[in-house]
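One chain is shown next in structure tokens, namely the form predicted on its own.
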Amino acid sequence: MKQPDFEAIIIGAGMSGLYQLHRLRQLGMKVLVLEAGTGVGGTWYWNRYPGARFDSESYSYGYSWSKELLQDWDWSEHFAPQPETERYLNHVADRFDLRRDIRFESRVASAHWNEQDRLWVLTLTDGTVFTCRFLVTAIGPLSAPVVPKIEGIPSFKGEAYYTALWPKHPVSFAGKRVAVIGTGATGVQTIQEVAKTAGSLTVFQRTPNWCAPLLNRPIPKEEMAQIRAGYPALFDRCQQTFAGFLHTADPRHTFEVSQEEREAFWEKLYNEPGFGIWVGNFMDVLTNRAANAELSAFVARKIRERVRDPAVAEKLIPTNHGFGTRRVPLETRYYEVYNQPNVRLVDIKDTPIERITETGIVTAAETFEFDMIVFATGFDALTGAFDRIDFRGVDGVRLREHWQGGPKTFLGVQVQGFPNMMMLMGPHTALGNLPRSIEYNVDWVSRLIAFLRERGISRAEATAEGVRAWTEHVRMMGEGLLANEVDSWFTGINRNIEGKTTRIIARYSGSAPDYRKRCEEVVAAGYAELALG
């Protein structure tokens, strides 16, 4: 067999790629990371739009694998802003000397398996070619931004920005006529910031989302010292909770308690920071239709209390999904933005956008002129980043075609017919608080690669039976979840993309502990469920 340029190549230098590089280096491997950007950080490199920040608690989001790193980093806020997170990941890259194995401005165009030599051949967009024995994708579940299908976008002569591709230079909204298209999590964060200084802000909303208060605040030095001392217990709790957050479901059912107790509990959660009201609620609010309707009615009342114009409030209350069945944006005075005289909400279900012109936006009812348009139009989630690279496995089979109708994986890590390719945070893995899942995913992949190297095994592939069983298990775990009855990135829907209009099960809906338990069974059996050779 021909010897490859590198034992392993990792695509992406975000949180997954950085840790994977560190772990494979510990194995003594020759590794290369290919990163499309000019710096490390992944999500926190590209998404530098105004207002971008954590909605997991900062100290539960950072890496847990280095005691030294935990001791020498102070978080300034309970929910850190993007610039701080980017500084943190640069600190990690510097502290562990990771940059020397990262090739920046290197976008992968294709990755083709060579069966004869048992290696992957990667071609960059500039024509450079690298080969490797093991290919690890660290391309992220939310990293492929979507350009909406609106006529005339290139014709706009004002400033135009995509939140997921925000420029590094400062952008001023002061005194300008600004449009924001989109009210998902990114749109909510952006709108809050734009509204502070824009001369006028027009928000174009297709689907309102249920939002809950973030309730962020600074972390004084003394409190940071307490957090640092409590890291072992904190990360232990994250290991035990359903989705890796500090919050986890209340063991009670919604209708086990009186209406007064329910209201008091929800009031408490609504006035606490973070995702508690989403993932720390009664255990049946995401599966019981009546329970979810009660919770949704509670949050709807909150929106009506916070928005002065009743007609605007009703436009901001979702009617096509219940609270928590789509990703819940956390906000800071988002609803109060619509009380400002310089802010207007346009419902594009009632008056669709027809086209974008040189000077603004034309809807079915009105013509608008803008100095700036911000597209907060989301991502081609979970599979989109894979679709943008020409992955070809055994016999030249394309991954995109192999996954027609939905992804098929083993543990969300391997795909039949694509030997030696390991996915970090791919479809069918446990998501939740991503860094907690990332660390386990990376460690599992690292143990598998170490196992193969120690035994001189040059080829590892998921089996048809393993993929069938895991994909069916993922489907079964999603049964009964109200979220899987709703169009969202959770279910693979993006109406701006051809072929992404049918619901699929694209994520693992079980608990993180259950996911890890199943993965450990594979390890304990000596990876007998993989085809090794």
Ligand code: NA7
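Quantities reported herein were computed from a predicted structural model and do not represent experimental measurements. For every residue, the number given is its place in the sequence shown, counted from 1.
As for the form predicted in complex with the named molecule, it is not shown, yet the points below apply to it.
Screening 88-96, 370-378, 231-239, 438-446 for residues having heavy atoms within 4.5 Å of the named molecule in the predicted complex returns a single hit, 370-378. Among residues of the shown chain, Ala185 is one whose heavy atoms approach the named molecule to within 4.5 Å in the predicted complex. Of the heavy atoms in Lys176, none are within 4.5 Å of the named molecule in the predicted complex.
In the predicted complex, the named molecule lies farther than 4.5 Å from every heavy atom of Leu124. Contact check for Ile150: a heavy atom falls within 4.5 Å of the named molecule in the predicted complex. This chain lacks the partner; the member of Arg392, Arg326, His247, Arg133 within 4.5 angstroms of the named molecule in the predicted complex by a non-hydrogen atom is Arg326. Residue-level contacts in the predicted complex: of Thr207, Asn342, Thr357, Asn216, one residue has a heavy atom within 4.5 Å of the named molecule, and it is Thr207. Using a 4.5 Å cut-off on any heavy atom, none of the residues of 23-41 reaches the named molecule in the predicted complex.
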